[in-house]
Ligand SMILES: C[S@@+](CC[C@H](N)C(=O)[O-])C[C@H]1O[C@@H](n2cnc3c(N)ncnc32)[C@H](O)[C@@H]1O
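The chain below stands alone, shown as structure tokens; this is the form predicted alone.
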Amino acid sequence: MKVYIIGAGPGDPRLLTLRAAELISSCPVVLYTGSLVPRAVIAMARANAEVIDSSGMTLDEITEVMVRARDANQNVARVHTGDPLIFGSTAEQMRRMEQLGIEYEVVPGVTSFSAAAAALRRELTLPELSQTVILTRAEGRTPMPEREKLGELARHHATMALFLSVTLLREVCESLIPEYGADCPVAVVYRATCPEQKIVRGTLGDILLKVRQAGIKSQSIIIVGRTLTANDFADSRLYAPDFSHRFRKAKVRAE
């Protein structure tokens, strides 16, 4: 028996990995986050599977399902949105399973920040502009370590992707403007890859009003950084004719 912690991707069922689809359609127990995982994903479960929505459950209740499945020698598809190891609340589940001797495996998924970048059609790491992406969130009911406050992270001027923060957008902008500037580009992507996807573009100075006008209040990724609008960035050295690597020799000499 094994519990498979599965990343269901950002929303579009076609972005499930082949491994995820195989497990969801074969496990006799499917435990999924009903508030976020699309019904089309769960519809892949076999007809006689026990399908359980965990959105109203506590950690103890979720653990009970896994223990019951272990005792019945039944595999469990534990389905989360995006990638289960990025703001997935899976660490405490894995800790419980380790304490109980329940075998588990993690199946990665397409994370919502990469889906948001794809929807925007922007590379988040551009040569000589930003080679770093910070994945973080605004401080809400879950406190942030002091060294990870947004104002501290902003000092890097890196591209930033914020999860679980659209309801705290005012605080996000106030924290980032001193370092990034009010003119820094921002994009808010609501339910990336889903039919109801919305994209709101703006700057740190005006994005709050635009998001309010769009009626966006949840399930969004906020991306901040100059890579969102830059067009005069340097070409990557990877394809330069004077650049050698293990698969290609330089065709011309470097100046």
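Here the structure is a predicted model, which is why all the values come from computation and not from measurement. One rule holds for the numbers: they count along the sequence shown, beginning at 1.
Form predicted together with the named molecule: not shown, discussed below.
A.B. asks: Is it the case that residue 104, even though its partner is missing from this view, gets within 4.5 Å of the named molecule in the model of the complex, heavy atoms only?
C.D. replies: No, no contact at 4.5 Å.
A.B. asks: Does residue 189 make contact with the named molecule in the model of the complex, using a 4.5 Å heavy atom cut-off?
C.D. replies: Looking in the model of the complex, residue contacts with the named molecule include residue 189, since a heavy atom lies within 4.5 Å.
A.B. asks: Whether residue 87 contacts the named molecule in the model of the complex should be assessed with a 4.5 Å heavy atom distance threshold; does it?
C.D. replies: Contact check for residue 87: yes, within 4.5 Å of the named molecule in the model of the complex.
A.B. asks: Would you please decide whether residue 36 lies within 4.5 angstroms of the named molecule in the model of the complex, comparing each non-hydrogen atom pair?
C.D. replies: The answer is yes: residue 36 has a heavy atom within 4.5 Å of the named molecule.
A.B. asks: So which of 227, 219, 203, 54 reaches within 4.5 angstroms of the named molecule in the model of the complex, heavy atom to heavy atom?
C.D. replies: Contact with the named molecule in the model of the complex is made by 219 alone.
A.B. asks: Which single stretch, out of 140 to 148, 111 to 119, 92 to 100, 125 to 133, brings residue heavy atoms within 4.5 Å of the named molecule in the model of the complex?
C.D. replies: Stretch with heavy atoms near the partner: 111 to 119.
A.B. asks: May I ask you to list the residues of 3 to 19 that have any heavy atom within 4.5 angstroms of the named molecule in the model of the complex, in sequence order?
C.D. replies: The stretch 3 to 19, when checked against the named molecule in the model of the complex, contributes only 10 at the 4.5 Å heavy-atom cut-off.
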